[in-house]
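Quick setup: the structure tokens below cover two forms of a single protein chain, split into structure 1 and structure 2.
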Structure 1
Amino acid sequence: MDLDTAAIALNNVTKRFSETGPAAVTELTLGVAESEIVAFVGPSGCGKTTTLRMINRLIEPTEGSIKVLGRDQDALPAHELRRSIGYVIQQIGLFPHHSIRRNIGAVPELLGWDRKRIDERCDELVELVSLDPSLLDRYPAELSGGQQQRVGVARALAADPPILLMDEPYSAVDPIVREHLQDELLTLQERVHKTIVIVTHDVDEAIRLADRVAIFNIGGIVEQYDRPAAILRAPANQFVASFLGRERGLRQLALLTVNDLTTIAGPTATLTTPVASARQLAAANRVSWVAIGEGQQLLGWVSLHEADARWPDGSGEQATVADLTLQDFVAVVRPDTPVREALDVIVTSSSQMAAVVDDDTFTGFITISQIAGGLD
């Protein structure tokens, strides 16, 4: 990353909280490009929060320089700089004595906007973060955790800051709400294109949200900084590999879609295929069924066990698969299905394969081997 063009550029930044103790952040150089989402992950106490808080000068670096949007960070008084950087924290920190409207309008109020403009902006923001507008006149204590978190995001975005910093924004909400909020952040980002830095403990969250992930080690040392897929595919060192954990392979699957895999033809027959050929086709694929295709369409499948039961003496070889009962194919995935989901479809179905179908067009099958093949 070229530091000169970065929206946020940390250059050789060190932070020591005491003269003698170890540094919380050590000679960190890192750039965040405009409109990019970057996640900081790492074990507890490794300096993620410290780094984040140095960006908006809640903490002053001991050494090194930080540039925000090309400007030296101390070109402005700290409080003015902060008004152009949204900040969301786990504990949210809504003002309990102000209505939701006033909470959201906090920065516009500081910037001296008139009442009417602030109100209009609040109305826009509740819509942006999917909040019920009737909540605007309530106090924070009247809202659920998830709603409060949305207010926190709305408040951070109120004056349309180009940069958004988030410190474990979703770790206090339950997993279902968390996933919801993560989706919302991605949808929101498509509309607002902010430069976002998000600190998280959760590797999956980082992979899901971030364009690039920085893996921190104790002392604020960045062990690897790259696209999630690249980190998962090739961890820079043992620390990164063990931090990503045993599920590294599975996590990679979350980043791939069926489209990234090569499909195989599989045991595909037509309605006129004789049962004898169907048996060979199935055997070649080590299954006991064949799929019936018709042009670009997948009609369903037939069971060869049914053929065995119908003609136990081996007669009926002249019959075609059309004589067997056609059943609907249930293990179906789409090209944009995440591979992790496709894997689930395969292992939970009895067919051992999933058919890839795009708008009625059948393009082939995937099996566990195709998935394994996609991992490197």
Structure 2
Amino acid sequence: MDLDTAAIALNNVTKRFSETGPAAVTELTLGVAESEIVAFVGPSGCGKTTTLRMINRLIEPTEGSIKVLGRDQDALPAHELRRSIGYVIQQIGLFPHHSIRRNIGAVPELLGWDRKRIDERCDELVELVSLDPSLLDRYPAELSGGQQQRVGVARALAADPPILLMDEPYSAVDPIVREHLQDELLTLQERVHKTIVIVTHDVDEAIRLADRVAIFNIGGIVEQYDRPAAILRAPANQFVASFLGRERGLRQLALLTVNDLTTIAGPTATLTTPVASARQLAAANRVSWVAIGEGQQLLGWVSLHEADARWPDGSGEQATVADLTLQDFVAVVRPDTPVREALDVIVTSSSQMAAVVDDDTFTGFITISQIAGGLD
């Protein structure tokens, strides 16, 4: 990343909290592109939160320089710098004795906005972060953890800053709510196009959310900074490989969709296909069923075990599959289905493959072999 064009540019930044102790961050050079989401991830004590706090001058660097939106960080008073930066902290940090409306409007109020403008912005943000407008006059303690987190994001966006810093924003909510909030952040980013830096200890969260991931080691040393797919495909060193863990291949699947795979025709027949031909088709695909297609539609499937039961003497070979019981095909995915989800569909079904259907148009099948090939 070219530091001259970066929305956030850290150049040889070092932070020491004591003269004799080790550096919390060591000669860090890193750029964050405008409108991208960048995740800082690494073990506890690796300096990722310290780096985040240096960006908005909650902590001053010991050495090096930081530029925000092309300007030296210290060219403005800290409070003016922070007007261009929204900040979402780990424990949300809402004011407990203020209503949700006043929490969201806290920064605009400090900036001297009139009440009408603040209220209009609050109403806009409630819709933006998918929060029920009826909650605006309640207090933080009356909201769930997920709702409070949405309020925290709304408050950070209230003055429409171009940069958003998020320090482990979803660590305090349960996995189901966390996944939903992650989805909402990605949807939100499609609308607002902010430059976002998120600190997380969860490598799956980093891979799922970020355009680029910086993997930190102790001392604030970045071992690798790249797009998630590139990191998963080729870890820079043993530390990165160990940090990613043994499920690196599965994590790659989370970045792919079914559309990235090559489909196969599979055991597809028509209602007029003879049972004998259906048997050959099933045997070639190592299954005991055939899918029934008509034009570009998938009608369902029939079992050849039923043919064995109906014609044990083999007399039904000239019959067609239309004489068998048509059943709905349930192992179905879409082109935009994540491959990791598609793999789950395959391994939890008895079909050994999943049908790809796009707006009722049947395009073929994927198998575990196709998924494995997609990682090459």
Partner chain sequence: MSAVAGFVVGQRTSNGRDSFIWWDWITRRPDEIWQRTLEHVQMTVVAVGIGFVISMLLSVIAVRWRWTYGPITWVGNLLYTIPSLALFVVLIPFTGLGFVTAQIALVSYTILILVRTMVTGLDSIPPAVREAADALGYTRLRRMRSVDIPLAIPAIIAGIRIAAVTVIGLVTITALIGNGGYGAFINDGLNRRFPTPIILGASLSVLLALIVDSALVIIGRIATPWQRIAEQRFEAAGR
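Numbering for residues begins at 1 and runs along the sequence of structure 1. By rigid core we mean the largest C-alpha set that fits within 1.5 Å across both forms. Small disclaimer: the values here were computed from a predicted structure and weren't measured.
The form predicted in complex with its partner chain appears here as structure 1.
Look at Ala269, Val197, Val203, Leu253: the residue sitting at the hinge between the two structures, where one rigid part turns on the other, is Leu253. Smaller rigid part rotated by 6 degrees relative to the larger one between the two structures (C-alpha superpositions, whole degrees). For Pro133, the CA shift between the two structures after superposing the rigid core equals 3.6 Å.
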